[in-house]
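Starting off, we have a lone chain in the form predicted on its own, written out as structure tokens.
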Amino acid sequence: MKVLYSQIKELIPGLKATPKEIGEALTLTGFMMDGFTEISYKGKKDYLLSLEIRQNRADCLSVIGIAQEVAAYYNLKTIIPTVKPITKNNKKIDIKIEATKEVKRVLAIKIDEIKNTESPQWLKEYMTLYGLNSAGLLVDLSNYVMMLTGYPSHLIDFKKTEGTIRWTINNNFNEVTTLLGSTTKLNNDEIIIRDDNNILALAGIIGGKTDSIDTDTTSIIAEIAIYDRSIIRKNSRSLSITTEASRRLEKDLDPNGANYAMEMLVSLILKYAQGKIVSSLFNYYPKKYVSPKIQFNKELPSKLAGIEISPKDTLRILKGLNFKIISKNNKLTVIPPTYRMDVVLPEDLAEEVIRIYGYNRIPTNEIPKLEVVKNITPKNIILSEKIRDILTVLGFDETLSWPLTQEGINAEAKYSDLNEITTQNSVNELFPNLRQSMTTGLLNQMNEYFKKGIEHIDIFEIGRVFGEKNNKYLEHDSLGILSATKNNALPQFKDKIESLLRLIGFENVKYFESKSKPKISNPESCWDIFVNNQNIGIIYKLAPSETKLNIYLTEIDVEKITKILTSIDNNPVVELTQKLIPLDVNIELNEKESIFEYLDNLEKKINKKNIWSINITDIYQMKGKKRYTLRVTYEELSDKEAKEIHLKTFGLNNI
């Protein structure tokens, strides 16, 4: 963006800063000066500043916008030139807006009896400064208004049009000849301005040759339009056409400011081209843009910058940037001007304060006084990282797989009561369903290892699993672990799972025969995993297969164990007033009796405050039975009291 020093001075009468100082000030506030030239304009010495506008700041692609930034920096006022309102006329223009989603606003007016002469010298000079060739009075005035206000306009030679003028999406024109004379092939999805037979313009980018202004033009339609910026950017990139208009319209350009730009354009045309308004102002504006009301803390800029910025300075800067401030009950509500469509959050306001206050005022040799912010990383993410570290140490390799599966796979591996979810428009029609278990990906990876001759496999994966219940779509993070070996290694696999659970904070791990067993499991070797009396997953041996390997799988609900861990104290501080007393006992249970159910009932018999731990130290297989050796460790009891409770609980024959 180029801007004349004399124009900035004209808009800010109280400005005393030199051209160089202004350029440096703008650089410090985020608009880097990449050019500074001494020139002659209107017979006087002047300076042309060139600035890089990388931000979503369409307002700063204008002289007025840059002047407002300079005024805010120096705490001065900007005097915007007044323009005459457009005179009313009852005759309507035949215009239709068909691209209603893409067009935000259109202003248009018909002006007759125009004399399109050569531009005056000052205007020719101005066009040259901006690298534009003078193209006659009307076009030059249109470009002048764009540079001054930031709003591109398009002038249509009305006598060259045929029928209704429409804003629509192109669906039948394969090419267009632009006003520069070049022919551009079209993709049949551009937003265009057309009449009954021809394209009049690639909307927001460049005009067409058909309706271009020339020296014989006497009747025009002047239009200013605002579009959804994404379609202008898309069309500009796909057609490889970048213009001053497209640069502005692919940013958030305030639809409300179009009125002022149109009034200025019409005033200048009437003044220099002696035209006459012959229509009412066409005004398409279906959804008026209203600035957001932002709740703001005056201390926020200081917290983010790490330096002290007084509330007084904060309010002064915001007011200088034309932000409206409402104070009520010690709370601030800030309303940005509508041309600042990029400001929607409290952090945006803080950034505005900091950049005008001065990034250069943040010391480089001091540690910023930053507030320690709350860690917002979800706890299940943190836990997942810890699980990855532990399993890696235990010798497992992590794998990654698609969350999509083939038909029938979920039915083999699922163990929950959730229904399957089928995707719409799947990226691969062979994989239409979302996985219900991490097992599917682990088994696929295992088969890939088999093809490479690898037979001892320890792998895991953490990912999302999905299901539907009662018309609700559910998903959660799940951990799947697989081990494949020639040996019967269930005890070793179980020990590793227990090691993982204990290392992340669980002590009381139990197993019960699964109530819902996957079809691929060996039904005789399938158990639900419980911690703190809650079912967190499943562990099982795969049914015999052609591989002749022993394959073990477990799946654990990561979000469920995260919730359990947040509710328990994993690092309790215990004061022992008496020694711990360990006593052993042997018990015999039938094959079908669960040792864990027995332990649950046992804990109910003994006062919890007197139990330090109960551990299984040995298991001996008998005919139809199993003998378990338990070590019960008592606390806060004397030897005599502990032995009395032990004898009463288990009886003399078991001790």
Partner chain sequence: MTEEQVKILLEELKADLQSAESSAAITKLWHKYFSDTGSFKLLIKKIKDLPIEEKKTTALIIQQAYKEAQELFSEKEKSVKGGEMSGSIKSQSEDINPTLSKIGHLHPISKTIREMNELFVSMGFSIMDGPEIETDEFCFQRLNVPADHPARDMQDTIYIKEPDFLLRTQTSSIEAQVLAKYKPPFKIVCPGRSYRNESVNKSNHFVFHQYQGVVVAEKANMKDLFGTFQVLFKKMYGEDVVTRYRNKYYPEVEPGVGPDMQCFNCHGKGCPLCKNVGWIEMGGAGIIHPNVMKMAGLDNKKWIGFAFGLGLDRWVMAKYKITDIRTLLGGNLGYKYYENESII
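Think of the rigid core as the biggest set of C-alphas that the two forms share within 1.5 Å after superposition. Computed from a predicted structure; not experimentally measured. Numbering follows the first chain given and starts at 1.
If you look for the form predicted in complex with the partner chain, you will not find it shown, but the lines that follow are about it.
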{"property": "K369: touches the partner chain in the predicted bound form, heavy atom cutoff 4.5 angstroms", "result": "yes"}
{"property": "Contact flag, F466 vs the partner chain in the predicted bound form, heavy atom cut 4.5 Å", "result": "yes"}
{"property": "L430: touches the partner chain in the predicted bound form, heavy atom cutoff 4.5 angstroms", "result": "no"}
{"property": "Non-hydrogen atom contact R233 with the partner chain in the predicted bound form at 4.5 angstroms", "result": "yes"}
{"property": "K312, K452, K548, K185 - the one with a heavy atom within 4.5 Å of the partner chain in the predicted bound form", "result": "K452"}
{"property": "Contact assignment for the partner chain in the predicted bound form, among K579, R237, K77, K319, heavy atom within 4.5 Å", "result": "R237"}
{"property": "Candidate stretches 325 to 333, 176 to 184, 389 to 397, 91 to 99, one within 4.5 Å of the partner chain in the predicted bound form by heavy atom", "result": "389 to 397"}
{"property": "Residues of stretch 399 to 435 in contact with the partner chain in the predicted bound form (4.5 Å, non-hydrogen atom)", "result": "T399, L400, S401, W402, P403, L404, I421, T422, T423, Q424, N425, S426, V427, N428, L434, R435"}
{"property": "Large Cα move at G463 between this form and the one not shown, threshold 2 Å, rigid core", "result": "yes"}
{"property": "Rigid-core frame, C-alpha of R229, shift of 2 angstroms or more between this form and the one not shown", "result": "no"}
{"property": "Per-residue C-alpha change between this form and the one not shown, T440, threshold 2 Å, rigid core fit", "result": "yes"}
